[in-house]
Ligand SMILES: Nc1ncnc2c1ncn2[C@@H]1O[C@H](COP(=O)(O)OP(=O)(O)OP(=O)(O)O)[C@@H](O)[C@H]1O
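Single chain ahead, by itself, as structure tokens, in the form predicted alone.
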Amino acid sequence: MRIAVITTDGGAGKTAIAFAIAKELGLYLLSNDDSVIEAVYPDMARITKELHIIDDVVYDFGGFISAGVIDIIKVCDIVIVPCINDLNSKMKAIKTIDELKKYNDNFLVIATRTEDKRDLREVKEDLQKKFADIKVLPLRKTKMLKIGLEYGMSPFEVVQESKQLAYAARNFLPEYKEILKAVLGDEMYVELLKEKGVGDA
């Protein structure tokens, strides 16, 4: 499986999402953008300007689109574009998809840092005006991804660490699971939950 996480908008949660998915699924994580991934995901993460096509990988692309990036986008199973309910972020998400849609037609937009239903609705409305077939899923404003990235843990690992963290993530987890289901498909998603010992509630 090859997954790309890309946006030209800094601060939309790109690296935290890329790390969470890579760690959850036991995939390699490659990036052309400076971050802490090599420190928190040793042996599985690498930062390099020369990205290559490999299997079982999440690509965390920095805010630029080069020929090498396009070659990888062409062979990815899904392209994830994080987006905040902010005019600039939505504009950059639309531009990113517009540039890449000719190379891949399987996109998922994650409306990050949502605080209420209005945030999701507005991201959906603005993105789907341009791309009617794009799926948009919410990921509420939370510290769960930040905690995971800081401690080198996936969200499922974070919530299994303590009951307090599990309680804090009670609203985040259903949204996160929907993202995993969209990325993996139903069959692989069910297998993942069994492997991780996580219910689908």
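None of these values were measured; they are calculated from a predicted model. Position 1 is the first residue in the sequence shown; the rest follow in order.
The following text describes the form predicted together with the ligand, which does not appear among the structures shown.
Residue L139 is the only one of V69, M153, I134, L139 with a heavy atom lying within 4.5 Å of the ligand in the model of the complex. K146 is the sole member of K49, K146, H52, R170 with a non-hydrogen atom lying within 4.5 angstroms of the ligand in the model of the complex. Contact with the ligand in the model of the complex, judged as any non-hydrogen atom within 4.5 angstroms, is confined among 90 to 98, 105 to 113, 73 to 81, 123 to 131 to 105 to 113.
By the criterion of a heavy atom within 4.5 Å, D56 is excluded from the residues contacting the ligand in the model of the complex.
The ligand in the model of the complex is not approached by E24, whose heavy atoms all lie more than 4.5 angstroms from it.
At least one heavy atom of A16 is located within 4.5 Å of the ligand in the model of the complex.
Looking at A20, you'd find every heavy atom of it more than 4.5 angstroms from the ligand in the model of the complex. Taking the ligand as it sits in the model of the complex, the stretch 176 to 192 never comes within 4.5 angstroms of it through any non-hydrogen atom.
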